[in-house]
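Starting off, we have a lone chain in the form predicted on its own, written out as structure tokens.
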């Protein structure tokens, strides 16, 4: 394991030690970058080698994004040095980064959806007014063959699956001459099949000699794909695991080493993270659940706005104590479904029932009185009032109700006391419950939302991407809360998530949405991953 200040002086591929040159493709040496009030990168040093996958792990705010933005020319470091192939360079812009061979593939596609694949690749890549289209097609076929992918270059990008769009993004980076490829959370939006295809593409890139930086928050995929792993913690390099360690150490031990780097002495969190990573198969509890559903949808249709797909004839039921996962590529009607159940969208056909009562035309407030709660994925825009205090946000939906308001007057003492109890229960960490809620981190805002929505005897909770963008620690806390509410208090959960590990970990059954429809509902059991992936791309 590497200490915080050591710079590795040689590379060694996990699979082939002799394949790596003695000079790193990229060296980041003592990089420091600060913003007002925040030291984002604190004297970080690491090396990236050709023919290797260097995985970068760390919680939100650990400094991963800032470090990569320094490497890609978005930011200039306050101090430190960057070397490319042994030569010291200064990267003043993204354009200069591209000229030096730095390619970035973001987790969300940056392609133009109404253009074809080949048109996207030609954008900005040729000088003059005449395009060599046939030469570009030949070049595309070379890259596609190298990566082992089959994509029609004349297809509109918008018609491709997300996994294929990501493959085009990788080809686009190679097209521009990248020798170092940065993959930012590349599996976050992919189906299981798409993830396997990405692994094969990464293996081919590595074999061709590219240096790959793989940013992820999933421990298992870093163990599967990484040759070298570096962990950032609170802006510093907590340590690295080198190829020699991989070849001589069991994966379980390496995983424990990574967790220790990320969390230090917080062993309770470390154990919970390992548990979450390992538990990805089913836990059917059919016999434990009551027969009478608490939530039913009967052929519910919701008209989409602008480019939304809406919801088309959705039918399912949910029982007390059950968690029904809703999987699907983002944008297939999940948000419209959640907002229709919460009462924020009008349905154009069908019925929604709570405990056997039709509520299709019932107000949001009355649905809440009946025990329905909705945890939105839009934390800042919809979830909180950023200018109000943490305590006020926690009781926001109780305005005018006793004992928090008496005869139109705010009972500050009761609000504060209740908020302090919730802060403790949900592990929210503001300096004080009276501070402005908008100043909290994303993870703490999410815990404020959970505390507010799950207060006062909930019966049904709709969770929309409850851990999206959260760090390991907060993810563990949120997932454990969803589990305990279902199993210990009988709260029915509708879990909408694009994180399939989360779906497999928490759900009793899994409904898959495709183009606004429920493509299928399956029991969560061993080996279901392939079936879910097929349904996500239109299978039946």
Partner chain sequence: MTETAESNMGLSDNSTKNIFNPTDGAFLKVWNSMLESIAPLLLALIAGGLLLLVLGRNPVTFYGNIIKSGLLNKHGLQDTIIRMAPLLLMAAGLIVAFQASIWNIGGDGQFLLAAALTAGFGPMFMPVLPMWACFVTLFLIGMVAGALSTIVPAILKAKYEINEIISSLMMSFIGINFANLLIKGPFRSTKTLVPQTDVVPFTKLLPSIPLTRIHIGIFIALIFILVVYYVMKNTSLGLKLALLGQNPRAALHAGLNNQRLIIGAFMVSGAFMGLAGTVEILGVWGYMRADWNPNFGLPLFALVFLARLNALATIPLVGFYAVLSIGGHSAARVADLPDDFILIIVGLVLLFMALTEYIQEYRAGKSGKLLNFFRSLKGIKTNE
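Being a predicted model, the structure only gives us computed values, none of them experimental. In this text, the rigid core denotes the largest set of C-alpha atoms whose superposition between the two forms falls within 1.5 Å. Positions refer to the first chain, counted from 1.
There is another form of the same protein, the form predicted together with its partner chain; it is not shown, and what comes next is about it.
- Its partner chain is not shown here, and in the predicted complex it never comes within 4.5 Å of any heavy atom of residue 216.
- For the chain shown alone, residue 384 is a contact residue for its partner chain in the predicted complex, at least one non-hydrogen atom being within 4.5 angstroms.
- Its partner chain is not shown here, but in the predicted complex it comes within 4.5 Å of a heavy atom of residue 365.
- Although the partner is absent here, residue 374 lies within 4.5 Å of its partner chain in the predicted complex, judged by heavy atoms.
- Only one listed stretch (96-104, 389-397, 75-83, 310-318) carries heavy atoms within 4.5 Å of its partner chain in the predicted complex, and that stretch is 389-397.
- Interface residue among 441, 360, 344, 256 relative to its partner chain in the predicted complex, by the heavy atom within 4.5 Å criterion: 344.
- For the options 123, 380, 250, 413, the one in contact with its partner chain in the predicted complex, meaning a heavy atom within 4.5 Å, is 380.
- Residue 87 is not among the residues whose C-alpha shifts by 2 Å or more between this form and the one not shown once the rigid core is aligned; its shift stays under 2 Å.
- Annotation for residue 406: C-alpha shift of 2 angstroms or more between this form and the one not shown, rigid core superposed.
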